[in-house]
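As a starting point, one isolated chain is supplied in structure tokens, in the form predicted alone.
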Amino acid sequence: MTLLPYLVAGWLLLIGCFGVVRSRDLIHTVVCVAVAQSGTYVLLLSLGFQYGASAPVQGAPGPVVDPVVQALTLTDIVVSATVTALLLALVIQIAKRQGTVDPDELDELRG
């Protein structure tokens, strides 16, 4: 067992969160959220990885990897793409109505 995939997953999550905090542009924020979520792909794949195991195909000789983890990773990718598309659509609507994507210049969002 190696720690490298777990460290990479944590690093991606931290870099994404740092980018969200430091962002001055809504599009940049959406990209940083996508980067943070990509850490979950690496984490899920590293959890399901087994040395010497083959793909979960029926009739494969020897040990096979867990197909549930791979299905969860694919589901995570689809959810991530959907969330990114939804957030970018919201950014487009904000840009059309407010004329800016700078969160500091959005007066109507302040309470």
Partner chain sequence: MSRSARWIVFWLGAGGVGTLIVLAVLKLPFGGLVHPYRELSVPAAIGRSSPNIVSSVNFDQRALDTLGEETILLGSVVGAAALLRPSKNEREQLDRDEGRVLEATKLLGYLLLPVTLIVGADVVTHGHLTPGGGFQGGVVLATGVHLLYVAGSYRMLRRLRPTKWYQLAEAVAAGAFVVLGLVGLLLTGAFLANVLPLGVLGDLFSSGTVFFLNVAVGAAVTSGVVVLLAGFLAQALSVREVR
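Positions refer to the first chain, counted from 1. As the structure is a prediction and not an experimental result, all values here were calculated from the model.
The form predicted in complex with the partner chain is left out here; the points below concern that form.
Enquirer: When the contact criterion is heavy atoms within 4.5 Å, does Thr100 count as touching the partner chain in the model of the complex?
Expert: No, Thr100 stays farther than 4.5 Å from the partner chain in the model of the complex.
Enquirer: Is any part of 11-43 within 4.5 angstroms of the partner chain in the model of the complex by a non-hydrogen atom, and which residues would that be?
Expert: The stretch 11-43, when checked against the partner chain in the model of the complex, contributes Leu13, Leu14, Cys17, Phe18, Val21, Arg22, Ser23, Arg24 at the 4.5 Å heavy-atom cut-off.
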